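In structure tokens, the next block holds one chain alone, the form predicted alone.
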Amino acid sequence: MRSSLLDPLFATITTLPGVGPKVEKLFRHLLGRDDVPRVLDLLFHLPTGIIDRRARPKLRDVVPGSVATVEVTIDRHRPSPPNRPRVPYLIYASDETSDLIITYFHAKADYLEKLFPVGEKRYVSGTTALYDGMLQMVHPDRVVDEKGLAALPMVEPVYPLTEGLGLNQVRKTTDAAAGKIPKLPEWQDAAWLARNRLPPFDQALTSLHRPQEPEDIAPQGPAWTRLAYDELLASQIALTLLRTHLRRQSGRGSAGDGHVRKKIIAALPYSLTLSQHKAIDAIVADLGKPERMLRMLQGDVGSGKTVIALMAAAAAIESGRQAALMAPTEILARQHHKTIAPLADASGLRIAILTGRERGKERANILARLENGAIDLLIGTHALFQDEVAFKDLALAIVDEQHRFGVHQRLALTRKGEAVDILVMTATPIPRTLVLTYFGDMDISELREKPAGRQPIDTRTIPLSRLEEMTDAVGRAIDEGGRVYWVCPLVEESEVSDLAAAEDRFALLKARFGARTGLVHGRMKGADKDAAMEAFANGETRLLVATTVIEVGVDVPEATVMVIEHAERFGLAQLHQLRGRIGRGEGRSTCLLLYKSPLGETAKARLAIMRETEDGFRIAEEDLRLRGEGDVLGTRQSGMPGFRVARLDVHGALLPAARDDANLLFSRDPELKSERGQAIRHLLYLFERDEAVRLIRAG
């Protein structure tokens, strides 16, 4: 149960003055809510700047373009001429040093005459500008007399806005919300607060919305840092609880005797790297323990994760149980199946694939064999979650491209069996701060080396103005027997426009290279996609025009050239993933990043890093620095909880402390029954980690 102390913060914003149904809809849009926003949502909508009204220059000293608060005498009005409402209403004002014109559009004359009585003093505050050599102020923010000046806040916050909501309205509503902040019991350690000079929660939130000094709203200042640490701690406590909850449901030791694994290793055409051996040892040790495994396998592009997934599955299958491998797309699921099938044949494993494409009798047959134990390893897409998919005895769930699936889906797959162990894999190395943030409930294995035989890739950046030369070079590569990927640009998030770009480029290249040109994109039917990939893999087509569907898992060792058009539109991780499709065979490989000039600073930095390094772990750190955590992990799309207050570029250094604090808290007070534990429950509700509270109750 949520404490009644929090009720004022969880009340809807329609309880605030001036927020009727129409305005509430605009606030929904501003705050990114599907339902009615709460007072708390508004309070976590933090300012991005301030207006400083403390400066009171004389008119001759005002810097045009700045916000100024000036004391003036009202000299005269020049209303808009009758029947010409578009002409502005002008008010002429002055002080002893110079003149000011105050301008209004579509103004009500009687209102302005009352606001600016001729001959009287007024304090006018707003953004200034020079127009025809005259100092002007258009639609001032504030107009007050001597008495009003005493009540005027000298430092006022500026907020992100949405169409239809003005700054004054957002400010007024937020100020009303700030008046409802209750005094809550302190959940932070007193010594930590004193050492870092951090204010209490209510003071921190109030000073961000009612700043006294410009520094009060700085993200690195004490108020924002306090709230950021609160949010990081709430997230670490939730992860610790999730981990404890999953581990508490005792596992079943499922590591077999190694007889299947020996056969797989004997069938491999190469030897495993040191980090592959280490990862397999860690996984097998986890599988043998009575607690459940929750491990993440991070590996760079082409570091050999699929083989480790197969070895993990084999260890579980040796003990007489089953395994499942889930991939985010059908192309990737089929690629895993293709890689695993020959090794499964050699070692006697019975495998099957289940995606949206298997229907009718074929599907019914797979489901029946799965339920009676005649399938050892099932590979598939999220079709594996469906209710009718029943395993005889699922021991291990392997989830590929972890960041595309949220915690809920992780848990859904584990409900398909008793005490299911979980291995999640990602080919997008995740920066350390993000691993702590989102996957702190997991143990981590990393694959740092590339398997033997991987060739370095020569990466070059070329302006689109040299497209003709590029096409000639592609022609030469094809004539020499090479194979080429040509990736078409991302156009925002729209698949339709990506598709249009790919189809246009395909038409142009086909006109030049004829039947040697193929096309693959996300909206093709599964069978057509496979046919296009198959034709490229066996050399019927030599040039494959594609959208980013080839980003993960596609393996054609003969492909040695990758052209990425409008590379400036892609994120670093995505460029790195795409480049990883080449350099898989014997030949020298080249990646050509075509960009449109002029490049912005971020795009320039991104392309420079791609030229400098192929180390996915370094690229991931740079990507975080350039883009922020929501985009790096795809949390904006995946439903994973992004942060509302904490900014990892500013507050990331607080994460290890938050993690240690959460672990210490649970070692002393696992059920949060102490005084601090009870206060922490408030924190979990405030930052929407209250699922964690339910896990405590569920035991």
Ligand code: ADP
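Start at 1 with the first residue shown and count on from there. Everything quoted here is computed from the prediction, not taken from an experiment.
This protein has a second form, the form predicted in complex with adenosine-5'-diphosphate, left out of what is shown; the following refers to that one.
Asker: Choose one stretch from 131-139, 268-276, 345-353, 594-602: the one whose residues place a heavy atom within 4.5 angstroms of adenosine-5'-diphosphate in the model of the complex.
Answerer: The contacting stretch here is 268-276.
Asker: Quick check on this chain: which one of G304, G126, P489, P157 has a heavy atom within 4.5 Å of adenosine-5'-diphosphate in the model of the complex?
Answerer: The residue from G304, G126, P489, P157 that makes the contact is G304.
Asker: What is the one choice in R454, R363, K180, K416 with a heavy atom within 4.5 Å of adenosine-5'-diphosphate in the model of the complex?
Answerer: By the 4.5 Å criterion, the partner-contacting residue is R454.
Asker: Please check if R584 has a heavy atom lying within 4.5 Å of any heavy atom of adenosine-5'-diphosphate in the model of the complex.
Answerer: Heavy-atom contact with adenosine-5'-diphosphate at 4.5 Å: present for R584.
Asker: According to a 4.5 angstroms non-hydrogen atom cut-off, is E231 in contact with adenosine-5'-diphosphate in the model of the complex?
Answerer: E231: no contact with adenosine-5'-diphosphate in the model of the complex.
Asker: Looking in the model of the complex, any heavy atom of E318 within 4.5 Å of adenosine-5'-diphosphate?
Answerer: Judged by the heavy-atom cut-off of 4.5 Å, E318 is well away from adenosine-5'-diphosphate in the model of the complex.
Asker: Does adenosine-5'-diphosphate get within 4.5 angstroms of any non-hydrogen atom of E621 in the model of the complex?
Answerer: Contact check for E621: no, nothing within 4.5 Å of adenosine-5'-diphosphate in the model of the complex.
Asker: What are the residues of 116-144, in order along the chain, with a heavy atom within 4.5 Å of adenosine-5'-diphosphate in the model of the complex?
Answerer: The stretch 116-144, when checked against adenosine-5'-diphosphate in the model of the complex, contributes no residue at the 4.5 Å heavy-atom cut-off.
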